[in-house]
Each structure stands twice: as C-alpha cells, then as structure tokens.
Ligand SMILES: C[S@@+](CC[C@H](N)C(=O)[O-])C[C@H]1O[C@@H](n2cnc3c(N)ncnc32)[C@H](O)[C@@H]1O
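Below you will find one chain, with nothing else, as structure tokens; this is the form predicted alone, and questions on how it binds or moves follow later.
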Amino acid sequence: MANQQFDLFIDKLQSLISSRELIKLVISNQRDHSSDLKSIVITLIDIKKGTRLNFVYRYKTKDTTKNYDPGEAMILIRKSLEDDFLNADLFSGKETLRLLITEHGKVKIRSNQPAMKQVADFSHDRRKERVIATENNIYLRELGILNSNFELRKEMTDKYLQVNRYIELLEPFIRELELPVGFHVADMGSGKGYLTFALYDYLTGTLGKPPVMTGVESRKELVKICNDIAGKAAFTNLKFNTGNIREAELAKVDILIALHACDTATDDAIFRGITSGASLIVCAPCCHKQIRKELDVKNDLKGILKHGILEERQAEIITDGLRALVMEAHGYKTKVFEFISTEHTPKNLMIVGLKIHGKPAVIKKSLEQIRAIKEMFGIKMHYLEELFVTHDKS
C-alpha cells in the first residue's frame, strides 16, 4: 500500500517496538465481514529466544496465539492491514494512534491521549494488563470482586474477566464516536451495576471523557446499593433510578446499553435508542420468546423445526437477525458477535449499532430482507417493528 500516512503509522510502530515502548496493537474491522477472524491483538513479550511479538488471533468461537520475531511480525502486520483489515489502534505510554483505512484505500491517522500505562515487564508469564485496574478500586471492592485489601477474590475471577472483556469490546466503537461535552449514557436494566460502573470508570478515567450516566433498574434495593457505591467511589455524574426500560424518563441519550434485557425488553431498548438518536446502541439479548410463538413455517424448513431445541435456536437467530436489520433500516451500521465465551455465561451474543448516515439503497435492501425473512418463517410482525408502527401513528 503506497501511502504516506500508512507508511508513517508503520514507521511509528517499528520505532515503538525497537524502543520497547509498544503496549498493544489491535488490528480490527475486517474487509471481508464473512471472515471468522475478527481481530488481532499484538503485544511485546520476552522469552528465552529473545523479544517476540505475541499475536492473539481472535476468531468468532476461539482465540489462537503465536509468537513471531519482530521482522516477521512487521511483514504480517503490514499484510494484514493491506489485505484483511481496515483499522489499527496503536497504544503506547505517550499517545494512542488510530489508523483508519476506507474501502476505497484512503488512509487517516488520529492521535489521542495515552489510554494505557507503560509496561515495564515483558516477561511471558507477567500478569496480564487489564483495562479496569484493581488498585484502590473502590467500586470493585464494594461489589465484592475485590477483598478489603483490593485483591481479586478467586471466586470472582470470571466476573472480573467479564467486566474487562466488556470494555475491550466496546472500546473500538466508542473511539469512533464524536461525543459532545456532557454526553448521556443510559444503561437500561443495570442490575447490580458491574458493567455500568466499569464503563463510567473507563470513559472518565481512561478516555478523559466524563459522561452523564444513568442506570435504570426495576429493583429498588439494587438501585439503592448502586447509588451508595457511586457515592463511595465519588462517581458524581453516575446515578441509578428505579424504572423499566419502556417507561423510564430519560433525557437525550447518546449511548444506550441494554444487557440481558429479557425477550421484548431488548426491543424496547433498541426502540428507545433509535428514537432518541443515540450514536451507539449496545444490546445483549436473552429469552427470545416472541418470535418463537410467531413461527408458522410451511416450507421445507418445517421438517427441521419440528425439533423443539432447533426451533428455539432458530427463533433466537431470526429474532436477533431481524433486530439488526431493523437497526440498519434506521441508519445504523450493525455488528453481531460473541460477548464472552460460553464457559463463563450462556448469554453471550451482543448486537452493536453505530449511527451513520444510512444510504437509501442500504435501507431499501434491509427492508426487503426483513420482508423476505418474515415470509419464509410465517412471521406476521416483529415486536420491534410493531413499536415503530405504533410510534408513527401517534
């Protein structure tokens, strides 16, 4: 790729590797969206043979790891960006650089303040650097993830990993946003607040972009607990309110989160995000009941769907597929991927919608696909569609 900006980025990366200032390189945003390889995370490590670049290849259902010497690593990185991916985030202790390549080959570099602390120890068995640190972390202590000495409780390791993985997944989407001062984040169905606190911490402490953040939860006792913890952690712009997803009073929402909202509550959350003009909508659905009741298959798929477990799984796929298409029909670029491996939780699907200026052709295609899928499975109406029909009539 003959491009001055691209070469500048590669030279910067080479320099950081040589000076051992590289913290992490994340290569993402596949050129071919059907590819199983979702991203590559690269870090420096020291092994007996010398300094190597550790490549973690993240696939849809697994991760694989390989080590390369710096020369071979640079060849592989350049090839990945020229052939397979469009974005790269380069982290050092002095700055964060983001490489953006358009589908037409235009290249841009964005420079931001450092988002991670410089690594001093590159040994292979060093403790992995986490986005959410445990040192003096009051909310993690109050939530029971850490003990009174701010040490990770062994029985809460999975929860701590889930919290960090959540932020790692959202990080590239959030960095794409042009967020106004005092932007509003709404976490619908915030529960005990593990992920709500982590996101507020990341936005405020790591990115230096403090939001006004609201957690909405129907259980009053959890709302009280979370507000008490927010006070102890001095998270002044984080408040928790009692309410439900459909009826909670909210100001303009810039980022809407709804994790594990049951059945049509996920649709209520997506609807509220779209009608509020949210720049980013993040959902992790569960309990897909509505579409399963609607299924009335009369074609050759009927022989497969006579098995209850297959019908249930098909209903989940159709439900979340239609949700993504409805979001695309309203001007969002969507991505559906695994939230966290099933060894930690079975609720592992995430739907992310990034607000863009939807092209008429894309919107038309999305609507056509929705109609075709509904016809194939005998579905009269998806609940999310119904919300917009009712909204348009009022």
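Between two forms, the rigid core is defined as the largest C-alpha subset superposing within 1.5 Å. Numbering starts at 1 and follows the sequence shown. This one's a predicted model, so the numbers in the text were calculated from it and none came from an experiment.
What follows is about the form predicted together with the ligand, which we do not show.
**Student:** Heavy atoms within 4.5 Å of the ligand in the predicted bound form: which stretch in 215-223, 105-113, 82-90, 231-239 meets that?
**Tutor:** Heavy atoms within 4.5 Å of the ligand in the predicted bound form occur in 215-223.
**Student:** Which one of 260, 175, 209, 130 is close to the ligand in the predicted bound form, taking close to mean a heavy atom within 4.5 Å?
**Tutor:** That would be 260.
**Student:** Can you work out which of 134, 244, 227, 204 has a heavy atom no more than 4.5 Å from the ligand in the predicted bound form?
**Tutor:** The residue in contact is 244.
**Student:** Taking 4.5 angstroms as the cut-off for heavy atoms, does residue 190 touch the ligand in the predicted bound form?
**Tutor:** Within the cut-off, so yes.
**Student:** Would you classify residue 146 as touching the ligand in the predicted bound form, given a 4.5 Å non-hydrogen atom cut-off?
**Tutor:** No.
**Student:** State yes or no: in the predicted bound form, is some non-hydrogen atom of residue 195 no more than 4.5 angstroms from a non-hydrogen atom of the ligand?
**Tutor:** Yes, contact at 4.5 Å.
**Student:** Using a 4.5 Å heavy atom cut-off, state whether residue 156 contacts the ligand in the predicted bound form.
**Tutor:** Judged by the heavy-atom cut-off of 4.5 Å, residue 156 is well away from the ligand in the predicted bound form.
**Student:** Determine the residues of 279-318 with a heavy atom within 4.5 Å of the ligand in the predicted bound form and present them in sequence order; the list may be empty.
**Tutor:** Result: empty, none.
**Student:** Residue 60: CA shift of at least 2 Å between the shown form and the other one after core fit?
**Tutor:** Comparing the forms between the shown form and the other one, which are aligned on their rigid core, residue 60 does shift its C-alpha by 2 Å or more.
**Student:** Just say closer or farther for the C-alpha distance from residue 61 to residue 265 in the predicted bound form, relative to the shown form; it changes by 3 Å or more.
**Tutor:** Note: Cα gap between residue 61 and residue 265 shrinks in the predicted bound form.
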